[in-house]
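Laid out below as structure tokens are two forms of one and the same protein chain, each shown alone and named structure 1 and structure 2.
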Structure 1
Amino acid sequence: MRKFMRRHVLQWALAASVTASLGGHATAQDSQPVKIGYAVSKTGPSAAGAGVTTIPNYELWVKDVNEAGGLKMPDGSQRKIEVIEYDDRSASDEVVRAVERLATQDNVDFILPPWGTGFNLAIAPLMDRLGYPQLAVTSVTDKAPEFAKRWKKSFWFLGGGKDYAEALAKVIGDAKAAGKVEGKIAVVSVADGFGIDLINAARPAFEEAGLEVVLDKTYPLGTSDFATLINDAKGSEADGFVAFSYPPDTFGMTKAAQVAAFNPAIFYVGVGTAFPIYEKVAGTDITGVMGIGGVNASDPKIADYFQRHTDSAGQPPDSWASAITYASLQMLQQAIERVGVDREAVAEELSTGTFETILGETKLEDNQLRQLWWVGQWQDGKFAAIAPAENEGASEPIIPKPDWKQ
């Protein structure tokens, strides 16, 4: 495992620089970094998601904190961050082993979460047993309320499948009521926890919204050829296509739909739609494509974050979980500033405190973030939030989606 680890020993001369800046009054505490570890997918099928949503935000946050002098402690001192990271190679057993190593051998102060619902669920019992707060940012699960009660130091930031499915059903149902679509839906879903949660919630939500599901198929994780699924959807005469998919699937289905000239009035694909690379995958004619998430692009805090992320990573963040990931780190930082590196106290502060983040004033409800966007759509070159429609900054949906140009 060690060959998959990269230890970031700070390039700053910690003790020397702090001593100099404080005129020789630095304490031993100042010279000791706060050790933060994580295991995340740098290789394997999950690397695409982790490389957009998770890793760049971890790196940006560490850079921001260290360039500002480090994490502020309640006693007035500052301690810079030292990172220890592992590649989990997109494998659940690897991420579990890495987390145990971080806690028991590397003795890190805090452990940041991996990318993806499955990996966060895999480490949750271990994180709880080891006593580490778990910021399960990139985890969509309807069992979040149950998990938050079971593992009291776990925090869930992306809501559940029911939230996303019901919001999407309302968008399509409203379009049907307005005479923009007939409401015949072809839906496909990846056969893992994420896809199962979404499709199980979508079936009753679509029915309640008066929509007819004319195709309902699942596909195995790791599928790479989507031509048959897309042709089946096209043959179903659906005027709405919905895929609860992961990034490689999202990209593959989009290309397959373009090749097949499949042009339903509603084209919704899952994780990856909000990624900046989606425009390169789909080409310039992505206006009207819907997917999970969205951001209020007119919010100055979000605009500033997008610019700083772009400057740091060389590309914009995704327009869904990236900002939430960075906000979760701001919450962790502020909790540490208030109570120090005591993990029990930090977990309590995260659970009960109110924080200023790029999302605005942020407070968890029963260890869950509920201030979320559920549906987004590409409009004017940005993945804009369209639901909940009543939220400030929501954009009006474009329905029907313009036909593919290629």
Structure 2
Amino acid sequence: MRKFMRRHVLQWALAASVTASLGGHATAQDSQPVKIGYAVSKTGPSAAGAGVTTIPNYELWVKDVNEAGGLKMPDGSQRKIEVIEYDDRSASDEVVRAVERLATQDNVDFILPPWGTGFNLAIAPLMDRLGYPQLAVTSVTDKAPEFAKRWKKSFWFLGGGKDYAEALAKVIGDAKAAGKVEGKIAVVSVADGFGIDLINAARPAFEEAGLEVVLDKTYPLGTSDFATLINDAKGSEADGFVAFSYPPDTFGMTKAAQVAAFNPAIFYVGVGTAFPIYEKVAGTDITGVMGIGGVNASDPKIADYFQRHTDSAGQPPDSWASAITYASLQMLQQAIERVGVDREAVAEELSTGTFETILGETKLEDNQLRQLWWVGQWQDGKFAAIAPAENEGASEPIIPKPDWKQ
């Protein structure tokens, strides 16, 4: 028995030494990789959003960079990316502990943000204290200017509820001024952080745009039957329907509107409208449906990005935060190329530099991305940006929306 054990130990020792020498050889040849860590929701309620917007873009970017030989350094050398990833299981305390682990145990060079406003805020003080730049992409908050001041290395990419609500009010207000709609609006919102933020901003914005709100209702998170709500909207004689909704609700309301043959001139639904799956959910022509986000439909850079994303993830990206997520990673990549892996210098470069991304020439203002599309509309199978209308690449809105085909 003892002999057997000793032989085993010897075998292990031999194997270990061989592995160690091989490992040593490999590191001598390659330059050391840049360690990039992230904790995102792979399971739990946030997994759906993270799985559409965040994870595929992180994977695509890492693949793109490593296939091109790695991240370029200021001295011209290249270093591959080594990824360390965790699942935050959609819980705030998990994401905080995972970031602590990434920073102090795994000693990663950079930390990519989790998905969602709440999770980004939960790690913000920690990232600031540990000195990591935070590219808070998937955070919609009106307090972004305040946060950017509070945490100097934090960057906010998706605007606030006010931006989206006011841009929508302008789109409908302009249509009213052009005589295309009467401007009677039925608005419903989900009773959750996002829905409440938007409806609070939309009420005064609609009033200012000269629109009349004929129905204003809130529904609980997790509602699955929207027939009553849609019928109420239909009965309210509104010619504009606005829903500040989450993806499952967005899909449910679309189906309910088709069943009820509810055909207002403006049909606007919230998060999820920009998802590639929306067309399949509707199962019919969705031209004219408006929602949050949008992309420059005629831009070849965006078309190329859509193609690469489809090849890598098996589905096209969503047309709201996906392209912005990818662009934020390109900014990080270019900042590293200019100043190296010094986090302090990278944060400074992100804050002040100008970058060439799939969004075009990109520059942050007070640590926030402001060149965003606020309202999009499905046109010819693309979720085309329609507001702000004065920006280059904006499409002309189709109003009234064509009736649902039965």
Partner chain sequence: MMSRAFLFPIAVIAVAGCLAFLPSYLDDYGIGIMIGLLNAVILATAWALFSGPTGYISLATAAFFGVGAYTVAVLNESVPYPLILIAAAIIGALVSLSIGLATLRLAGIYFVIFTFGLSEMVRQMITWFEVNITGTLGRYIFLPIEPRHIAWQLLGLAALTLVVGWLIRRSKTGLALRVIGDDEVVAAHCGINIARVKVLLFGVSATLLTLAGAIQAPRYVYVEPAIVFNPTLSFLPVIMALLGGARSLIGPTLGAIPLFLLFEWLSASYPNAYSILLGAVFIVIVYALPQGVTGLIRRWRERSASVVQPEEAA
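Reference numbering: structure 1, starting with residue 1. These figures come from a predicted structure and were not determined experimentally. Each form is matched to the other, and the largest set of C-alpha atoms that superpose within 1.5 Å is called the rigid core.
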{"property": "Of structures 1 and 2, the one that is the form predicted alone", "result": "1"}
{"property": "After fitting the core, Ala233 CA displacement of 2 Å or more between structures 1 and 2", "result": "yes"}
{"property": "Core-superposed C-alpha of Pro145 shifting 2 Å or more between structures 1 and 2", "result": "no"}
{"property": "Yes/no, Phe262 Cα shift of 2 Å or more between structures 1 and 2 with rigid core fixed", "result": "yes"}
{"property": "Core superposition result - C-alpha of Gly179, shift between structures 1 and 2, Å", "result": "2.7"}
